[in-house]
Each structure stands twice: as C-alpha cells, then as structure tokens.
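Consider the single chain below, provided in structure tokens and representing the form predicted on its own.
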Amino acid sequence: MYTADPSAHVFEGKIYIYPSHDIEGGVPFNDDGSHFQMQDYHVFSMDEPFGEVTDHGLALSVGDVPWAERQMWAPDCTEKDGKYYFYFPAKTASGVFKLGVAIGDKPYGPFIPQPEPIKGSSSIDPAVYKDGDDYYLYWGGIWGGQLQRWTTGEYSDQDQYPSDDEPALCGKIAKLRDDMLEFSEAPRDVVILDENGQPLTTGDNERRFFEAPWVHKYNGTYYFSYSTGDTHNICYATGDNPYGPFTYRGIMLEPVLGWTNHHSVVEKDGKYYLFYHDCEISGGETHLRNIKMAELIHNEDGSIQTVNAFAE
C-alpha cells in the first residue's frame, strides 16, 4: 500500500496518522496532478513513536461521498466531545476541488460524510488546529490545488497568478462552527512576512506558500509550516496567534525523493515528530509514495533544526 500526505495526531494515547492513499490510476502524468487518483482513506496508528504500525482498514471511500467524484487528496482529523471529524478534499463532477467533513465515533472511523461540501470551501489540503476551545481549519494549494482560480472569491476556469513582484497567493484559514461542520466566519488569508515585515512575493519560490499548511505550537509560539511546491521545501514561519501574520523563519524539511513534499508535526510525551513522505519504496514514482517520520528538534531560540531526509 502506498500512502502520502500524513497528518498525525495523538488520540487516546496513541499516534494516529491520516494519509492519502496512492494508487496506480492509469492516468498519465499531468501538470495539474490528474495522475494522483486517490479514491479512499485508511487510518494508521502506533502506540509509541517509531513503533509497530496498525492499519485500521478502510475509513472513507469516494463512493460514500454524494458530492465527490474523484481525487481524494490529503486529509486531516480532530476530536471534539467524543466525536471525530475527518476533513478531506475531493473534486466534484465539474472538476472543482471542495472540502468535505465526515464524522466517526472512533479515531480510525469509519467516517460518515456530510451530503454537501463545506460552504465557502475550496482548493485542497485541509488541516485542523485546536487552540483552547476553538478549532481552526487551514487549507489551500496552488497549481493543481486550484487556489489561483479563487482570487475573486468565485471559481474561474482560468488561472490568475499575481506578478512576481506582488504578494504571493496565501493559504486560507477559518474558524469552525461549534458543530464542526461549517465555517463560523468568512475565510481569511494566512499571510507570510519576510524579515522586513513585507509579504512574501510570488517570485520568491524558495519561501512562498504553495500547499500543505500545518500549525503546531511550541513554548507559546504558533508555527505555520507549509510546502513551497515546485522548490520542494517544507518551510516554517512563526506568529503569536492562529491567524498570523507569520514571519518566515527557515526550512523544516529539505526536498525528498519524489516531486512532492507534504508533512505534519505532532507532540507526544514532550517530544515533537515530523511526519512526511517520499517515494523510496516505489523507486521514485511520484504518485506512489510512502510515509516516514523523524524527531523534530526546536532550538532554545525557537528555531527548528532542519531535517535532511537523506542523512544517515
């Protein structure tokens, strides 16, 4: 089984991992990601970091979701009041990515989807973050993730990128409603600033947001991490609240084997762990990936030690 885009959390004392499920879908490589033909989700767990992994089986399939037709990409999950809420992207019959939510009684599902996508949702890569009693959903991905087609607030069939010297497209954030099924507010941009307090620009490919948003907290600071996409870094920026703005700090994970890079960060028993994927098992096939993990070290000044996936 090939899996990618791992979102990791601690529930019931275990680490649970929520990845996408790569398959050989028979679609030729395409710049818009059509060859990523994922159709369902499995949930995995382990009692301890680097321990034995349990596959809990099928948790949700595209055939279970009334509004979804194909391409169930990177998901995430959270818990509230004994229920588990599983967030996922998928394309509608018209080829537009939306975000959906499904509910389960166990962290490994099965998950029962809502009949319609989340109102006001778009693009890909949902990541849910719990801060006190509040829950926030982050999302977004340019290129195949279609974020560049929502610049006016409505979907366009044409890509609309800012020029290289203009502020880059941003990931999105919205607080979730108490029932966890819809947004309680209009989506906002997650702005990433440079060292001079200016938004990163479209032409800053080594640092600007592309996809895969994630948030974790360390010593009272919020860390927003993300993939730069076509330059293959996992970068991080810091801020003092879930909305940002966040100031760019550096690279969390250097490029891995394979074109994509997607991650999550989880804390267990006082240590932090980075989950990510590469294509080692498939021999470099970009659409057939596998999950890996590494300990993530925060320095005394709050910076993060860069992980090199090729280091011994």
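Residue indices: 1-based, along the sequence shown. Fair warning: this is a prediction, and the values are worked out from it, not measured in the lab.
Beyond the structure shown, there is the form predicted in complex with a small molecule, which is absent from this document and is the topic of what follows.
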Could you work out which of Val215, Ile192, Ile124, Leu176 is the residue within 4.5 angstroms of the small molecule in the predicted complex, going by heavy atoms?
-> Ile124
Name the single residue among Trp73, Phe111, Tyr236, Tyr87 that comes within 4.5 Å of the small molecule in the predicted complex, judging by heavy atoms.
-> Trp73
Any non-hydrogen atom of Met252 within 4.5 angstroms of the small molecule in the predicted complex | no
Taking heavy atoms and a 4.5 Å cut-off, does Phe36 contact the small molecule in the predicted complex?
-> yes
Would Thr260 show up as a contact with the small molecule in the predicted complex if we use heavy atoms at 4.5 Å?
-> yes
Which single stretch, out of 164-172, 182-190, 205-213, 236-244, brings residue heavy atoms within 4.5 Å of the small molecule in the predicted complex?
-> 205-213
